[in-house]
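Just one chain is shown here, as structure tokens, and it is the form predicted on its own.
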């Protein structure tokens, strides 16, 4: 009889658990947090209004970033519809770039770009683009080289450099081109300008999706429902239990040891194991220990963490976008989510708006360790500085720290992850899954697919799917073809 132990109850772990328990396979999920969903959970928060008469409490819902439900994978879409179905709402997609006190559309439109950067810079952008086509960089190892070859150096400096370095905290010349290939692939300045100028009707045009599904009260609805169904299907979900050891013998994992909030440890034995905890942690808690070179490789991998400052603003409408990328170098703020435009139900008062102000930082120093009130003071000053909302209209706030949100694709990352993968592949009953488990900058649907395929491997009794190969397709995940 199979017994599967899943480390982590984020999208990948829950999807695997749901698939396995549907087939009657005994499954246990262990999660260190008090709620499921990982970095795709929804935070429910009571906030106080400020009025001249009496303060009232308003219930707001906050997404940790913005998690759109769109996918090109039929298996993932079928799962979403099976779990939530008509509880999705169709949400129009609008996102723009804020730079130099102006908003820029994406995909690029000719008139918007011309009016935004001015005629002189537009000419420079086009000249730079053609120069890159005639004399491209001979190597494409870095993010800077990859983007400059496709968009030109000038557009790279205006629309890519500042924001990318805010996210990763290192120069674009030290970021692997692989990250750009995953997130920007297929899009080019040429196709964007041609589409904007010519609007050909007979040929196929590559654009971005303009609508997506979104649960009424945020992505947490999906993962809470998955967890409930796992329990209904005789599975088990244990919260507030941190994995402290992964025991193995020979080429098989034998048990996972967890520790609860009171320091009590529990040993969970099984026949198959899935890990969506950070791969850097997994390697370091193996018992017996992994080889020294593998541990060194794990310690050498880096993550970038996220701090969200969620605010309630005494204003019914602020801007029409779902989210805005802040490319302006004069503020550290990286991105802003406008939750009312994701789903009006996320905001407890129709007379108010809620924003998620996102800051990217390193864990355990600097911005991450600042007291909440100082973080809010900086965030409120910056959002006022770029004229998104007035500081004195902000009524309440919540600071949420999200550790290890983004795996950093620095120049040394490939050799480290290759060494770790080679070692973990030796364990015939262990499969890493999800963004954390694979150290891969997956979208939510990619992470879910890793969980589904890992579950199918267990059901088949052999690895019929290569989990590591997911999200290496050539087509950009947001593209669609219009006839």
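Residue numbers count along the first chain shown, from 1. Since the model is a prediction, treat every value here as computed from it, not as a measurement.
One more form of this protein should be noted, the form predicted in complex with a small molecule, which is absent from this view; the next part is about it.
Open item on the list: Does the small molecule, in the model of the complex, lie within 4.5 angstroms of each residue among 237, 430 and 458, using heavy atoms as the measure?
Closed with: None of them does, since no heavy atom lies within 4.5 Å of the partner.
Open item on the list: Would you classify residue 17 as touching the small molecule in the model of the complex, given a 4.5 Å non-hydrogen atom cut-off?
Closed with: Contact with the small molecule, no.
Open item on the list: So, residue 420 and the small molecule: in the model of the complex, are they within 4.5 Å at any heavy atom pair?
Closed with: No - in the model of the complex, heavy atoms of residue 420 and the small molecule never come within 4.5 Å of each other.
Task: is_contact(residue 67, the small molecule) in the model of the complex, heavy atom dist at most 4.5 Å - done: Contact with the small molecule, yes.
Open item on the list: Just checking whether residue 406 would be counted as a contact of the small molecule in the model of the complex - the rule being heavy atoms within 4.5 angstroms.
Closed with: Yes, contact at 4.5 Å.
Task: Stretch in contact in the model of the complex with the small molecule, which is absent here, among 129 to 137, 67 to 75, 164 to 172, 84 to 92 (heavy atoms within 4.5 Å) - done: Every other range fails; the passing one is 67 to 75.
TODO: Tell me, out of 147, 357, 277, 222, which residue has a non-hydrogen atom within 4.5 angstroms of the small molecule in the model of the complex.
DONE: Of the listed residues, the single hit is 277.
- [ ] Go through 314, 396, 241, 382 and name the one with a heavy atom inside 4.5 Å of the small molecule in the model of the complex.
- [x] Looking at the other structure, the residue within range turns out to be 241.
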